[in-house]
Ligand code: GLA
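Presented below, as C-alpha cells, is a lone chain in the form predicted on its own.
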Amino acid sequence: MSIIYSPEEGLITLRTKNTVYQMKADEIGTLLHTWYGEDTGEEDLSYAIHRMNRGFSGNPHEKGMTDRSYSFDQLPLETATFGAGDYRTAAIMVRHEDGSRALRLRFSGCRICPGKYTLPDLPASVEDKDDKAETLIVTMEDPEGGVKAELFYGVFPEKDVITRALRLTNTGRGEKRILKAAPLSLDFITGEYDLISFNGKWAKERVPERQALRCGVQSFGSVRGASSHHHNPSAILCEPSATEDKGKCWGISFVYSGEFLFEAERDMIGQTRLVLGIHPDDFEWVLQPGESFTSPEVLLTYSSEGFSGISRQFHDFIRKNIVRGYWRDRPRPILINNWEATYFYFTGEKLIEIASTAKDLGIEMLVMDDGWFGDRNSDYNALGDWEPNEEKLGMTLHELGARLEDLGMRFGIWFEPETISEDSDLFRAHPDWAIAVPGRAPDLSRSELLLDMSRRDVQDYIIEKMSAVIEEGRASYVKWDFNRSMCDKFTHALPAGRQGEMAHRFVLGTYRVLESLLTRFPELLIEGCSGGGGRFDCGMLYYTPQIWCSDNTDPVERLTIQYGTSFIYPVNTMGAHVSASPNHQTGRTTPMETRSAVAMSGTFGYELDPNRLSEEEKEEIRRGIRVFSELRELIHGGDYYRLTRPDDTGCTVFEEAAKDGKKALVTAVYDHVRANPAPVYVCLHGLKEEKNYRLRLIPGHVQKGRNNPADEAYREGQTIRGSSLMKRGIYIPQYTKEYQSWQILIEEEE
C-alpha cells in the first residue's frame, strides 16, 4: 500500500517509488507535517520537531498553563488556518456569522480509498491504466466554529506525484464566508531554499526567475481572471546548490485556470511555508449550513536529480494523468493556420488555395482563424455573433468543410467564446451578459468585454452556438482563444453579498462549456490559447491537450519561451508553428530549417501563406514534415533535457531521449552570432553507458562546402560509446550563417 495509517501513533505516511510524505496527529489533535522528500522509510519523523518558548508565540489553551513551548506559531502544520495563534501565512480563512475569523482545526480521523479521488465540476488528475493510485481523505474539525475541512491526497506511487485538494463544509447553524481556500500548505522546519517562478508578459511568457527566499513573504499570482501571461501557477523550490541534474527540488503546479496566489514565507526561526490556492483578494464564497466548497487541485513532486528530474516527472504525469481523451496518445495533425497569412482578409477560395498548396507539402489540416463570423473584419466588433459570414466566405461553412475534406484536409476553426463586442447583435440583445459594473463605463481591452461565464444561460448559449458551427463545418479542431484580462467584476446572477464568487464561477463556467463540447464531440481536438500563452496551466490541459505557447512565433524568441515552459509542461502540449520570415512580431529573418527545428519541439504546425514561398522553401517544408513525422514519437514521448540556457553560450541546445535509451535527438540553435566563438560542448543524457551510438546530422542541416573535420565526422556517421557521450559530451558544429541550427540524431548500433 502507498498509504499507511497507524491510529495508535496518529501517524500517516504516503509513499511513492522514491519519496515519503508524512503527517502526524499529536495529543491535542494538531495535525503536524513531519516530512516531504526522499524516502526515509516508515519511521516517525516528528522526533525532529524542536519546540521551545520563543516569546510572543501564543500557546493553545490546552497547553498554555503547562507548556509554553507548544505554539502553532512555530509548529510545522499540515494545513494553516487564520486567527488562532499561527501568525504566518494562512491557507484557510473563514469569517463566521458573528464576524470573527478564528479557526482551529483538529484531526478527527481519516480514511483510505482505492483509486484517485475526483472533484465535482473541476479538472483533476486521473488514473492511467498502469497506475495503482490511492486516495487519503483526512478530516479536521473546528466544533466551536462549525467548520469541517477534508484534506484530499492522491498518491501515484510509480510516478512520484502526490496531489492535494481541499473541501470545506459549514457544520454550524449560521452562515460562513470562505475568504481564503488554498489546497496547498507545506511547511519545512529547516533549510535554505531558492524559489524558481515562471514570469513574463504577452509575447514573452514563462521566463524562469530564481531568487533566494528571505525572511518574510514572497509571492506571485494573478487577479486577471485567468492564470495569466505574467505569472504561471507553478513553481520549483530547491536547495541553493541545485542545478539541472543535481540537488533537492520540489515541483508545484496548480490544476486551475483562474486567479491564484503562491506564497513562500520564511519565518523568524528559518522555517519555510508554501501556500498555493485561489487568490483571496477578490474571492469570498458563502456557505449556508450544510453546504460545502471544493478547491482546485495542486500537483506535487520531489526529485533529488535537479530541475531535470522535476521536469521528467511532471512531463510523464501531465501526458498521462492530466491530458485525457481521444487525442492523449494519438499523433496530432500537422496544421496550417491562416492568421499570419491573411489576418482578417480572406475568402473561402483563398483558404482553399492555401489548403491545396499546404496539402501538397504534407500538411494535414487547415485552421480558419478570426474573421469568419458576423460582421467581423477587424477586432472592433461582432464577438459573440457566431454565425458564419457566407457573403465574406463566398460559400457556406458546410461547403468550405466539404471542399477541404475532398482535398484530404481536416478543418479547424477559431473561436473566442468567453468574449463579446459592444458592437454585436449579442450585446444589443443581452447587454447584461457582459461583465461590467452597473452605472460605470467598462474597461475595454482589445475593444472587447468578457461574457459572464458564471451564468448558466450564457454557458448554454455558447455550447449551442459552437456546436452548431462545429457540426455544419464538420470541424475536427477548435482553437479556443481568450484575449483579455478580467476587471469590473460583477454579475447580475448573484446578490451583492455574493459578488466575491463571480471570478471562480467564471472559471467553472468555462470548464462546463469545454466538458460539454468534448462530451458531444469526443474526437474534437481543442487547442487552448489566451493571446498566446496567457492561460497555460494544467486546468486547461485537462480539456485542451495542447496550448498555443505564445503569440510570438520568432524562433529565436521562442527558444526562451519554450525553455521556461519545459520546466513544468511536456513538449507535446506546446503549440508551436513555423511562421513567415521576416517574423511578424520582431522583423527578424531566420532560416527555414531553424524555424522548423524550433517548432518541432512542440506540436508543430505552420502560420504563413505557402503560396508566397520559393520552391526551395517549399522543399524545406516537405523535408521538415518528413523529419518530424519520423521522429514525432521520440520528440513527444521521450525525456526532455535542457543542455544549455538561452543566451548563456550563444547556442541553445536541448535533447529528447527515448525512454528505452536507444535513440536521442539533439537540437542546437545559435541565437547570437559572435566573431571567433568558443566551441560549444554538451553532455547528453538518457543513453546506455555500455552501448555504441552512431551520430549523424539530420539531412537539411548538413552544409555543403565545409572544411571543419569535426563537422565532417557527423556527416560520415561517427560511432561513440554511450558513457562518453554522457560524460565527455559532443561538440556542436559551428555556424556558417546567422541563426544557424543543427539537429543531430543519435541511434544505438545493433
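Source: prediction; values computed, not measured. Position 1 is the first residue in the sequence shown; the rest follow in order.
Omitted here: the form predicted in complex with alpha-D-galactopyranose. The next part is about that form.
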item: Residue (of 370, 131, 194, 501) lying close to alpha-D-galactopyranose in the predicted complex, criterion heavy atoms within 4.5 Å; value: 370
item: Proximity to alpha-D-galactopyranose in the predicted complex, single hit among 451, 561, 336, 529 (heavy atom within 4.5 Å); value: 529
item: Interface membership of residue 481, alpha-D-galactopyranose in the predicted complex, 4.5 Å heavy atom rule; value: yes
item: Residue 548: touches alpha-D-galactopyranose in the predicted complex, heavy atom cutoff 4.5 angstroms; value: yes
item: 4.5 Å heavy atom contact, residue 414 and alpha-D-galactopyranose in the predicted complex; value: yes
item: Distance check, residue 446 to alpha-D-galactopyranose in the predicted complex, heavy atom within 4.5 Å; value: yes
item: In the predicted complex, segment of 362-370, 328-336, 249-257, 613-621 with a heavy atom within 4.5 Å of alpha-D-galactopyranose; value: 362-370
